[in-house]
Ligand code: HEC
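Single chain ahead, written as structure tokens, the form predicted alone.
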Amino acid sequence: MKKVISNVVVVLSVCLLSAAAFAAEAGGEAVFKAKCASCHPNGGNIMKPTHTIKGISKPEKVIKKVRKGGGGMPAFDAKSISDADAKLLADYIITTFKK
């Protein structure tokens, strides 16, 4: 009986971790589509084509740019994009637009 309970706990843990990872990816993608995709389609940059978002490897860099803006990009404060959503967005960009 202990082995069955142990197996159930392991399976449930894996399911919860998978669901959390999926929710994070979906959340980051949703933020990107709502706030970024119009200027950064497919990781590009319609204002400055040589300044894409492809190949960024540090979430801090994405979050800093999101908060400060610059170079034609607006700044997004915590009311526009929450800190949690900014982190999800950064993770999505890094994962999706690897060079």
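Residue indices: 1-based, along the sequence shown. Keep in mind that this is a model prediction, so the values were computed, not measured.
The same protein also has a form predicted together with the ligand, omitted here; what follows describes it.
Peer 1: Are any of the heavy atoms in T52 no more than 4.5 Å from a heavy atom of the ligand in the predicted complex?
Peer 2: Taking the distances in the predicted complex, the answer for T52 is yes, it comes within 4.5 Å of the ligand.
Peer 1: Taking the ligand as it sits in the predicted complex, is C39 near enough to touch it, meaning that at least one heavy atom pair lies within 4.5 angstroms?
Peer 2: Yes, C39 sits close enough to the ligand in the predicted complex that at least one of its heavy atoms falls within 4.5 Å.
Peer 1: Closest heavy atom of A30 to the ligand in the predicted complex, within 4.5 Å or not?
Peer 2: Looking in the predicted complex, residue contacts with the ligand do not include A30, since no heavy atom lies within 4.5 Å.
Peer 1: Is K68 part of the interface with the ligand in the predicted complex - any heavy atom within 4.5 Å?
Peer 2: Outside the cut-off, so no.
Peer 1: With the partner left out here, which residues of 72-97 have a non-hydrogen atom within 4.5 Å of the ligand in the predicted complex?
Peer 2: Residues within 4.5 Å: G72, M73, P74, F76, I81, L89, I93.
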